[in-house]
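A single chain comes next, written as structure tokens; it is the form predicted on its own.
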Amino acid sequence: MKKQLIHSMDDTYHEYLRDESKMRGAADSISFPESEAEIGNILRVTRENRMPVTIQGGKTGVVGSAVPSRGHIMNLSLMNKVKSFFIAEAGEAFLKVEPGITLNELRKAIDRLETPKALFWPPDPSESTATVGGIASTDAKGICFHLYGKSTSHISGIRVMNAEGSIRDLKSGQDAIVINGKSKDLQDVYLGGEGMYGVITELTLRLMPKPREIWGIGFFFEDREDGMSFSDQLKATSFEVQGANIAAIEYLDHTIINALERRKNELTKIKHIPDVATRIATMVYVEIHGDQEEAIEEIAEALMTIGSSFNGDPDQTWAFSGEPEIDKMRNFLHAAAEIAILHVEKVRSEDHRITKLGIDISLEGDGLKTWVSRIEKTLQKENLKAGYWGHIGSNRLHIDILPGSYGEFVKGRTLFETWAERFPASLGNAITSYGIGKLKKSIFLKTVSKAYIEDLHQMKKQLDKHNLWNPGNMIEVL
């Protein structure tokens, strides 16, 4: 009996019309291909019917990238196999995987590898059910971005299929596309391209030796300025000792911390995390990776000294070591990212027009502290509640407005767009993580130059001439 590849949308597939942003879309049909050949057969049908295709992975995104606006949904969650493992002549280790493999599945697969030294894939977004294809498509930043850099730098090659069913193998630095007289690395166009140019059917991941020792330390401050100044000092200080170094510097503000304390009993994974006093304004979490315990101890002692100099209370400091304990802290940080989603779920029950309302900012030096202070004053003036969290070690923060009504939602969205227009582009940018999708598009288009937008249009025309891939993402197609 011939396998049915395309299914008409009905209540069975209701959940595939939205992602974690709670934005809801519409579609006529859906498919769950299990191979590249099945993707080709599905595209033959959608192409003949001029039907746009929205690519989905784990639907863990928060900007609506995987939410369909019309046409067909291609969900890649069943394409989750490990294809091969190999070590190159230079000694680097690589793993070929399908795009639907989740971070959790990937970690287990890497742990099963028989190698002299344990390996890992450094990109480590806190959502373990995120797929590798989704991470690549949005260029998601993991907790350890501070040390290991962006996710896409740990992808050495991809395999892509266009709407006509043609397949192309791309390698970093080896394939280019010319846009408005400028040459761009073609792999980089697809990585971070949010599925606008074609579907990624395979990725070659570059693995690294796993550190033998991982320590985590949570510092608490009663004044936000102290917490941010402490973070600035860490960024300005070299800590490397015998290969050990700081891998992550994460920031949580009092709104997020207090919300986590209130919901601790509901969120199973953080039930056993110690309580945080209500007077705390800021938490800064620092993670240290290395092979020598003595080296990590030396870094930890230096951190404690710096923390005390910024009025951090040593008696309130948390300390963790070993993967099980570190995972508890990672769960705590991930729960922080979920707070806005939980809030949106509650207020959407009264008004379905409300979706997640967040912005990412990245600024060098004192610019981040200055802008956070300015934003905080504006929010207080407008009587809007917000939470701040993120990769402060890489000068990045995520700001979630937590509206209590649709009127507050509209007011908050207007503020974000205003800030985006005034953002000092010479010092950083206003969208740095989690993709752009449909929800951040209006902000994105106010923060980038007309030349950059024109480049995106030209790439779309060259790589998706019939405009069939992921309609509505990032730009308005002309």
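Being a predicted model, the structure only gives us computed values, none of them experimental. One rule holds for the numbers: they count along the sequence shown, beginning at 1.
There is another form of this protein, the form predicted in complex with a small molecule, and it is not shown here; the text below is about that form.
Colleague: Does the small molecule come within 4.5 Å of any heavy atom of Lys141 in the predicted bound form?
Modeller: Lys141: yes, in contact with the small molecule in the predicted bound form.
Colleague: So in the predicted bound form, does Ser126 come within 4.5 Å of the small molecule, heavy atom to heavy atom?
Modeller: It does: once the small molecule is placed as it appears in the predicted bound form, Ser126 has a heavy atom within 4.5 Å of it.
Colleague: At 4.5 Å between heavy atoms, is Ser137 in contact with the small molecule in the predicted bound form?
Modeller: So Ser137 counts as contacting the small molecule.
Colleague: Classify Gly58 as contacting or not contacting the small molecule in the predicted bound form by the rule of any non-hydrogen atom within 4.5 angstroms, answering yes or no.
Modeller: Result yes; Gly58 sits at the interface with the small molecule in the predicted bound form.
Colleague: At 4.5 Å between heavy atoms, only one of the stretches 373-381, 163-171, 335-343, 298-306 reaches the small molecule in the predicted bound form; which one is it?
Modeller: Looking at the other structure, the answer is 335-343.
Colleague: If the cut-off is 4.5 angstroms on heavy atoms, which of these, Gly358, Gly195, Gly216, Gly227, is the one near the small molecule in the predicted bound form?
Modeller: In short, Gly195.
Colleague: Between Ala248, Ala244, Ile200, Met283, only one gets a heavy atom within 4.5 angstroms of the small molecule in the predicted bound form; which residue is that?
Modeller: Only one listed residue qualifies here, and that residue is Ile200.
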